[in-house]
Ligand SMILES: O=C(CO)[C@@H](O)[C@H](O)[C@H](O)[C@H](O)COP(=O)(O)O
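To begin, one chain is listed below as structure tokens, in the form predicted on its own.
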Amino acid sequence: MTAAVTEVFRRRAAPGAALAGEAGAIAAACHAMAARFHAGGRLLTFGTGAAATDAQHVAVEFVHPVIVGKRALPALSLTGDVATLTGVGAGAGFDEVFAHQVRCFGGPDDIAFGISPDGRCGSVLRAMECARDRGMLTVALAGGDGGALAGTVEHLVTVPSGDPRVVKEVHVTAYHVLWELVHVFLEQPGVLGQEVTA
């Protein structure tokens, strides 16, 4: 029994430590996000399955901060409108459900934020390609090696694990850190015109 318990924690140790190892990349993503918010941009979040609820969680963190005194920022999850998701899915295919909404709601000052446990979700990838073509900032969380999102998005935070439970746990920590650091940058607007050095 003790060996099984130890293994559960061991599987999480390296992916959690790897997140800390990506501090510079995370800070650069947050700086870029804060600059877009500072310029009036909005955050559009998306993901499928369990990542859809994470996308909703990210959006609500920005729209309704739980920490008193933190500024509410414009964010919208593209995962919650069942009529749009099923209508676009039936008419254009499931890979288009977020891309269609990015084309309708996204502009060049905005941020596309996708979550994919393995980096291979077709609808997240398509939305990121569409967002990139529109000049939006592209930020994603993925597991494993980042899959097809690697090389597609400007800022990719990966969790080096094939276990979807571990990936989700580290993603939750990652997007809370992203939220907090975006606010750190927004509270220091003088740094928004500068490049981040880690």
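Don't overthink the numbering: it's just position in the shown sequence, from 1. Please read all numbers here as calculations on a predicted model, not as lab measurements.
If you look for the form predicted together with the named molecule, you will not find it shown, but the lines that follow are about it.
Please run the contact check for residue 128 against the named molecule in the model of the complex: heavy atoms, 4.5 angstroms, yes or no? Looking in the model of the complex, residue contacts with the named molecule do not include residue 128, since no heavy atom lies within 4.5 Å.
Given that the named molecule is not shown alongside this chain, does residue 97 nevertheless sit within 4.5 Å of it in the model of the complex, heavy atom to heavy atom? Flag for residue 97 set to no.
Quick one: does residue 60 come within 4.5 Å of the named molecule in the model of the complex, counting heavy atoms only? Residue-level check for residue 60: no, no contact with the named molecule.
Would you please decide whether residue 118 lies within 4.5 angstroms of the named molecule in the model of the complex, comparing each non-hydrogen atom pair? Within the cut-off, so yes.
Exactly one residue in 172, 27, 50, 148 has a non-hydrogen atom within 4.5 Å of the named molecule in the model of the complex; which is it? By the 4.5 Å criterion, the partner-contacting residue is 50.
Between the options 70, 132, 168, 42, which residue brings a heavy atom to within 4.5 Å of the named molecule in the model of the complex? None of the other options qualify; the answer is 168.
In the model of the complex, which of the stretches 28-36, 42-50, 155-163, 62-70 has residues with heavy atoms within 4.5 Å of the named molecule? Of the options given, it is 42-50.
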